[in-house]
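As a starting point, one isolated chain is supplied in structure tokens, in the form predicted alone.
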């Protein structure tokens, strides 16, 4: 599917969709609890993959219009009677690989072509040190993955530089083992806010993990714990809201986005970035309302270490800003659904923007965007970012547009509601 984007402005009020990150974690921890109702979950391709995987591991999940009811496995996931297909969801793959290690049998997990090329070796290495037999069938660290359960605690280390999802997966599974675990993080822990979100949900479910900060971060995880998540309401998603806010910023429009309450999400940083770049933005934290008016943007320096999902949005803001923006500390952004640094460099270059791509940086000099035929890379965040770029350039067509279903299924409808001229073709 393709989307055609014409020059347009936006105006009005919309609700931010529920958080994908919180929904994944709530589903996983609820499935390991006894009985839980999750209110306002995001129902997208990715989170539905987590629901299917949780059901394969023994949970019973009923879906309603505004909530899901999870009857969990009380800490003892079942051996699936079939392969678990996570589709395009890397979070589902990593979380359920660790959860599968709690079974007393063998689980096989795989996904689409993108998933079958995303790295998992650091997680597999740690699971093997924790008494599990876990391996890639092709020996390259990528899915398909085979897990023979038997998770036990130990003192071990994991590389923090590739994906925080490995760390979150272990933090979710290890409290349910019969031996305590100490997990040390080697190097910089990228995407730290996502681990903070995981810790928040674990604590709400009644489990305890101690964190020792210092030159080396250590997570000390007591054994024989239980999850008891009873009820949870998913907050709004700042990653998805970033496209709505940025659309106003680059088109000189005014937009109000609701359901944006304070949380552990790192992508809250979009508020500060937009303000730093010159947009007029206010955030009523008590009522969860952000209002923005575009007002001519200026370049900035953006460290992507903690917030990799904002990179496509920031890249488009940079393309529309006066001066040269540097997106740095971003090598881990290459290991997402696609190599997002390379994808944004190529597509913005097609639109007439000067972009220099370095191993861990994008250096973007703002200019006049021109319409182009663009590749969406089957990546929801690339497609949504290029859509708002097309609202400035006009005469833009983006392929693989169906991938927005991963995190923001009604993205194009929401943009139309705000006045954007977008048509699926």
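Numbering follows the first chain given and starts at 1. None of these values were measured; they are calculated from a predicted model.
Absent from the display: the form predicted in complex with a small molecule. The rest refers to it.
- Although the partner is absent here, residue 264 sits far enough away that none of its heavy atoms falls within 4.5 Å of the small molecule in the predicted complex.
- The shortest heavy atom separation between residue 165 and the small molecule in the predicted complex is within 4.5 Å.
- By the criterion of a heavy atom within 4.5 Å, residue 225 is excluded from the residues contacting the small molecule in the predicted complex.
- Mapping the unseen interface onto this chain, residue 302 falls outside it, with no heavy atom inside 4.5 Å of the small molecule in the predicted complex.
- The partner is absent here, but in the predicted complex a heavy atom of 91, alone among 181, 103, 251, 91, sits within 4.5 Å of the small molecule.
- This chain is displayed without the small molecule, yet in the predicted complex the stretch 331-339 from 272-280, 143-151, 317-325, 331-339 comes within 4.5 Å of it by heavy atoms.
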